[in-house]
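First, one chain by itself: the form predicted on its own, in C-alpha coordinates.
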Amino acid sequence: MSDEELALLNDLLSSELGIIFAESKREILESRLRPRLAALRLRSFRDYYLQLQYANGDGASERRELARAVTNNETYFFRESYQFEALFEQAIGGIKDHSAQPGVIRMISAGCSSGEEPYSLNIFARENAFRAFGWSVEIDAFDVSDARVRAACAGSYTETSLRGVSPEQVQRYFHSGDGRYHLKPMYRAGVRIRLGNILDRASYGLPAMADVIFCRNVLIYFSETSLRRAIANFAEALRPGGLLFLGHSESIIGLCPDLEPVRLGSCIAYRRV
(Lines give C-alpha, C1' and ligand atoms only; values in the text may rest on other atoms or scores of the structure.)
Protein backbone atom coordinates (compact mmCIF):
# COMPACT_ATOMS: atom_id res chain seq x y z
CA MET A 1 0.00 0.00 0.00
CA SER A 2 1.56 3.26 -1.13
CA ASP A 3 1.44 6.56 0.77
CA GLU A 4 -1.11 7.85 -1.74
CA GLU A 5 -3.33 4.78 -1.35
CA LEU A 6 -3.16 5.04 2.44
CA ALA A 7 -4.16 8.72 2.27
CA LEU A 8 -7.06 8.05 -0.10
CA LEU A 9 -8.43 5.19 1.96
CA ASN A 10 -8.02 7.10 5.22
CA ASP A 11 -9.93 10.02 3.74
CA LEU A 12 -12.80 7.71 2.81
CA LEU A 13 -12.70 5.82 6.11
CA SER A 14 -12.71 9.03 8.11
CA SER A 15 -15.71 10.49 6.28
CA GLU A 16 -17.69 7.23 6.26
CA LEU A 17 -16.79 5.59 9.57
CA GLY A 18 -14.83 8.19 11.50
CA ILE A 19 -11.74 5.99 11.81
CA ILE A 20 -8.19 6.40 10.49
CA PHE A 21 -5.19 4.10 10.25
CA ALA A 22 -1.99 5.89 11.17
CA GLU A 23 1.28 5.11 9.38
CA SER A 24 2.14 2.69 12.16
CA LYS A 25 -1.05 0.73 11.39
CA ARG A 26 -0.64 0.60 7.62
CA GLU A 27 0.10 -3.15 7.70
CA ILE A 28 -3.06 -3.78 9.74
CA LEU A 29 -5.18 -1.99 7.14
CA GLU A 30 -3.43 -3.91 4.36
CA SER A 31 -4.11 -7.25 6.02
CA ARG A 32 -7.78 -6.43 6.54
CA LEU A 33 -8.34 -5.29 2.96
CA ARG A 34 -6.30 -7.85 1.00
CA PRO A 35 -9.12 -10.43 1.11
CA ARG A 36 -11.42 -7.88 -0.53
CA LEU A 37 -8.89 -7.20 -3.28
CA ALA A 38 -8.63 -10.94 -3.87
CA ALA A 39 -12.41 -11.42 -3.88
CA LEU A 40 -12.86 -8.59 -6.39
CA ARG A 41 -9.78 -9.57 -8.44
CA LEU A 42 -8.27 -6.12 -8.10
CA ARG A 43 -4.59 -5.43 -8.59
CA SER A 44 -4.03 -2.53 -6.20
CA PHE A 45 -5.46 -0.65 -3.24
CA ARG A 46 -6.01 2.30 -5.57
CA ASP A 47 -8.25 0.09 -7.70
CA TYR A 48 -10.13 -0.84 -4.55
CA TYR A 49 -10.56 2.84 -3.64
CA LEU A 50 -11.98 3.52 -7.10
CA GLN A 51 -14.30 0.55 -6.71
CA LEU A 52 -15.61 2.07 -3.48
CA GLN A 53 -16.00 5.53 -4.98
CA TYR A 54 -17.27 5.11 -8.48
CA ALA A 55 -18.53 1.62 -9.31
CA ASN A 56 -22.14 1.73 -10.53
CA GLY A 57 -24.30 0.00 -7.97
CA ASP A 58 -21.40 -1.93 -6.43
CA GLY A 59 -19.84 0.90 -4.44
CA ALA A 60 -22.55 0.96 -1.76
CA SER A 61 -22.50 -2.80 -1.18
CA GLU A 62 -18.71 -2.83 -1.08
CA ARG A 63 -18.71 -0.06 1.50
CA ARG A 64 -20.68 -2.39 3.73
CA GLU A 65 -17.95 -4.99 3.23
CA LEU A 66 -15.38 -2.31 4.03
CA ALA A 67 -17.12 -1.51 7.33
CA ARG A 68 -17.13 -5.18 8.25
CA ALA A 69 -13.45 -5.56 7.39
CA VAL A 70 -11.96 -2.56 9.17
CA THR A 71 -14.10 -2.05 12.28
CA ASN A 72 -12.89 -3.51 15.54
CA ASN A 73 -15.24 -6.28 16.72
CA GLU A 74 -13.41 -7.18 19.93
CA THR A 75 -16.19 -7.53 22.49
CA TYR A 76 -17.58 -9.97 25.03
CA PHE A 77 -20.30 -10.22 27.65
CA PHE A 78 -19.86 -8.21 30.87
CA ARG A 79 -16.81 -6.34 29.55
CA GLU A 80 -15.93 -3.54 32.00
CA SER A 81 -18.99 -4.53 34.00
CA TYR A 82 -18.07 -2.15 36.83
CA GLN A 83 -19.68 0.57 34.69
CA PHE A 84 -22.97 -1.33 34.63
CA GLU A 85 -22.72 -1.75 38.40
CA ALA A 86 -22.08 1.97 38.91
CA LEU A 87 -25.01 2.85 36.67
CA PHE A 88 -27.56 0.72 38.51
CA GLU A 89 -26.17 1.02 42.03
CA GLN A 90 -25.37 4.74 42.13
CA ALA A 91 -26.93 6.62 39.22
CA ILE A 92 -30.30 5.02 38.56
CA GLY A 93 -32.13 7.11 41.16
CA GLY A 94 -31.06 10.39 39.59
CA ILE A 95 -31.88 9.06 36.14
CA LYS A 96 -35.44 8.27 37.18
CA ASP A 97 -35.84 11.71 38.74
CA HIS A 98 -34.98 13.48 35.49
CA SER A 99 -35.99 11.00 32.79
CA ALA A 100 -37.23 12.49 29.52
CA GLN A 101 -40.09 9.96 29.47
CA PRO A 102 -41.81 9.26 32.81
CA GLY A 103 -41.80 5.54 33.47
CA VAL A 104 -39.22 4.79 30.77
CA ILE A 105 -35.42 4.73 30.99
CA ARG A 106 -33.96 4.89 27.48
CA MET A 107 -30.43 3.69 26.88
CA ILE A 108 -28.34 3.61 23.70
CA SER A 109 -25.44 1.32 22.80
CA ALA A 110 -23.58 3.11 20.00
CA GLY A 111 -21.26 0.85 18.04
CA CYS A 112 -22.77 -2.30 19.54
CA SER A 113 -20.90 -4.78 17.31
CA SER A 114 -22.45 -8.26 17.68
CA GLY A 115 -24.62 -7.32 20.64
CA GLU A 116 -22.66 -8.37 23.70
CA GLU A 117 -22.75 -4.87 25.20
CA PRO A 118 -26.49 -4.07 24.90
CA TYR A 119 -27.44 -7.57 25.99
CA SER A 120 -25.12 -7.33 29.00
CA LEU A 121 -26.71 -4.00 29.84
CA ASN A 122 -30.16 -5.59 29.54
CA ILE A 123 -29.16 -8.45 31.83
CA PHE A 124 -27.96 -5.95 34.45
CA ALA A 125 -31.20 -4.00 34.07
CA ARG A 126 -33.25 -7.12 34.75
CA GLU A 127 -31.07 -8.20 37.66
CA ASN A 128 -31.49 -4.71 39.16
CA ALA A 129 -35.19 -4.32 38.37
CA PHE A 130 -35.88 -3.62 42.06
CA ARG A 131 -33.79 -0.43 41.77
CA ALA A 132 -35.96 0.78 38.89
CA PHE A 133 -39.23 -0.56 40.23
CA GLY A 134 -42.18 0.62 38.13
CA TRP A 135 -39.93 1.72 35.28
CA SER A 136 -39.18 -0.04 32.01
CA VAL A 137 -35.70 -0.03 30.49
CA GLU A 138 -35.53 0.28 26.70
CA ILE A 139 -32.21 -0.22 24.91
CA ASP A 140 -31.55 0.94 21.36
CA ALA A 141 -28.35 -0.42 19.82
CA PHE A 142 -26.77 0.21 16.44
CA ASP A 143 -23.65 -0.62 14.48
CA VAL A 144 -22.24 0.41 11.11
CA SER A 145 -21.62 -3.19 10.01
CA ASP A 146 -24.67 -5.03 8.68
CA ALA A 147 -22.93 -8.35 9.34
CA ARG A 148 -22.47 -7.43 13.02
CA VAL A 149 -26.08 -6.27 13.26
CA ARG A 150 -27.29 -9.60 11.87
CA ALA A 151 -25.14 -11.44 14.41
CA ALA A 152 -26.51 -9.29 17.23
CA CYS A 153 -30.10 -9.91 16.18
CA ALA A 154 -29.45 -13.66 16.13
CA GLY A 155 -28.27 -13.60 19.76
CA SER A 156 -26.10 -16.70 19.24
CA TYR A 157 -22.51 -16.78 20.53
CA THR A 158 -19.36 -18.86 20.90
CA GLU A 159 -17.28 -19.37 24.02
CA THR A 160 -15.09 -16.41 23.03
CA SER A 161 -17.97 -14.02 23.72
CA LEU A 162 -18.59 -15.67 27.09
CA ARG A 163 -15.06 -15.49 28.51
CA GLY A 164 -16.20 -12.96 31.12
CA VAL A 165 -19.20 -15.06 32.17
CA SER A 166 -19.13 -17.60 34.99
CA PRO A 167 -20.44 -21.15 34.40
CA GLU A 168 -23.41 -20.37 36.66
CA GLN A 169 -24.22 -17.26 34.62
CA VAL A 170 -23.93 -19.19 31.36
CA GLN A 171 -26.51 -21.65 32.62
CA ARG A 172 -28.77 -18.86 33.84
CA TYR A 173 -28.71 -16.60 30.77
CA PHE A 174 -28.11 -18.97 27.84
CA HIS A 175 -29.36 -22.10 26.15
CA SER A 176 -26.58 -24.22 24.66
CA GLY A 177 -26.77 -26.28 21.50
CA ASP A 178 -24.87 -26.98 18.28
CA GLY A 179 -21.67 -25.76 19.91
CA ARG A 180 -23.13 -22.28 20.44
CA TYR A 181 -24.79 -20.38 23.26
CA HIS A 182 -28.15 -18.74 22.60
CA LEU A 183 -29.26 -15.88 24.81
CA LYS A 184 -32.61 -16.64 26.41
CA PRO A 185 -35.54 -14.62 25.00
CA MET A 186 -36.26 -12.83 28.29
CA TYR A 187 -32.81 -11.23 28.19
CA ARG A 188 -33.21 -10.17 24.57
CA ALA A 189 -36.59 -8.53 25.16
CA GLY A 190 -36.44 -4.76 25.26
CA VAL A 191 -33.32 -4.50 23.07
CA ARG A 192 -33.75 -3.04 19.58
CA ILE A 193 -30.79 -3.51 17.24
CA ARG A 194 -30.38 -1.88 13.85
CA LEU A 195 -27.93 -0.47 11.35
CA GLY A 196 -26.58 2.95 12.29
CA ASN A 197 -23.52 5.15 12.37
CA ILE A 198 -22.03 6.98 15.35
CA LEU A 199 -21.40 9.97 13.05
CA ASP A 200 -25.01 10.07 11.84
CA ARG A 201 -27.21 12.13 14.16
CA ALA A 202 -30.34 10.33 12.93
CA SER A 203 -29.05 7.04 14.37
CA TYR A 204 -29.75 8.29 17.91
CA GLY A 205 -33.42 9.14 17.45
CA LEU A 206 -35.01 12.32 18.75
CA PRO A 207 -32.78 14.90 20.47
CA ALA A 208 -32.53 15.03 24.27
CA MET A 209 -34.41 11.75 24.74
CA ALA A 210 -31.60 9.38 25.81
CA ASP A 211 -30.98 8.89 29.53
CA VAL A 212 -27.78 6.88 29.06
CA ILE A 213 -25.39 6.28 26.15
CA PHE A 214 -22.68 3.63 26.07
CA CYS A 215 -19.99 3.99 23.39
CA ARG A 216 -16.97 2.08 24.58
CA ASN A 217 -13.62 1.31 22.97
CA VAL A 218 -14.67 2.87 19.67
CA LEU A 219 -13.52 6.48 19.79
CA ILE A 220 -9.85 5.51 20.16
CA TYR A 221 -9.89 4.70 16.43
CA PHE A 222 -11.46 8.02 15.39
CA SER A 223 -9.81 10.97 13.73
CA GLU A 224 -9.96 14.24 15.71
CA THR A 225 -12.62 15.67 13.40
CA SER A 226 -14.77 12.55 13.67
CA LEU A 227 -14.24 12.40 17.43
CA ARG A 228 -15.63 15.91 17.88
CA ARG A 229 -18.54 15.11 15.59
CA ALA A 230 -19.37 11.99 17.61
CA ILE A 231 -19.18 13.91 20.89
CA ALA A 232 -21.55 16.55 19.53
CA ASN A 233 -24.00 13.78 18.61
CA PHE A 234 -23.79 12.31 22.12
CA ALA A 235 -24.45 15.70 23.69
CA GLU A 236 -27.43 16.38 21.45
CA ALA A 237 -28.94 12.93 21.99
CA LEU A 238 -28.68 13.03 25.80
CA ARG A 239 -31.27 14.86 27.85
CA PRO A 240 -29.95 17.24 30.56
CA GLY A 241 -28.46 15.11 33.32
CA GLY A 242 -28.08 12.09 31.02
CA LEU A 243 -24.92 10.02 31.26
CA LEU A 244 -22.30 8.94 28.70
CA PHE A 245 -20.04 5.95 29.38
CA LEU A 246 -16.83 5.46 27.38
CA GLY A 247 -14.12 2.79 27.50
CA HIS A 248 -11.66 2.93 30.39
CA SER A 249 -8.85 4.17 28.10
CA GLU A 250 -10.96 6.88 26.46
CA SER A 251 -11.34 10.46 27.68
CA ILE A 252 -13.13 13.51 26.30
CA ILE A 253 -12.37 15.83 29.22
CA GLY A 254 -12.14 19.37 27.91
CA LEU A 255 -13.47 18.54 24.45
CA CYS A 256 -17.13 19.43 24.98
CA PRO A 257 -18.49 22.02 27.45
CA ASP A 258 -21.87 20.29 27.38
CA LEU A 259 -20.46 17.08 28.89
CA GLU A 260 -18.87 17.23 32.33
CA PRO A 261 -16.96 14.35 33.97
CA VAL A 262 -18.53 12.81 37.07
CA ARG A 263 -17.25 10.00 39.27
CA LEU A 264 -19.52 7.04 39.85
CA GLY A 265 -17.80 4.57 42.14
CA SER A 266 -14.62 3.41 40.43
CA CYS A 267 -15.45 4.84 37.00
CA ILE A 268 -15.76 8.19 35.25
CA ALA A 269 -18.88 9.04 33.24
CA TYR A 270 -19.88 12.24 31.46
CA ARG A 271 -23.04 14.10 32.36
CA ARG A 272 -25.00 16.34 30.00
CA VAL A 273 -25.05 19.75 31.69
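We number the residues from 1 along the sequence you see. No experiment lies behind these values; they were computed from the predicted model shown.
Keep in mind that the form predicted together with a small molecule is missing from the display, and what follows is about it.
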{"property": "One stretch from 42-50, 26-34, 236-244, 212-220 that, in the predicted complex, holds residues within 4.5 Å of the small molecule by heavy atom", "result": "212-220"}
{"property": "Contact label in the predicted complex: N197 to the small molecule, heavy atom within 4.5 Å", "result": "yes"}
{"property": "Partner proximity in the predicted complex: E74 to the small molecule, non-hydrogen atom cutoff 4.5 Å", "result": "yes"}
{"property": "Contact flag, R106 vs the small molecule in the predicted complex, heavy atom cut 4.5 Å", "result": "no"}
{"property": "Proximity of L17 to the small molecule in the predicted complex, heavy atoms at 4.5 Å", "result": "yes"}
{"property": "Option touching the small molecule, based on a heavy atom within 4.5 Å in the predicted complex, out of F174, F88, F142, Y157", "result": "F142"}
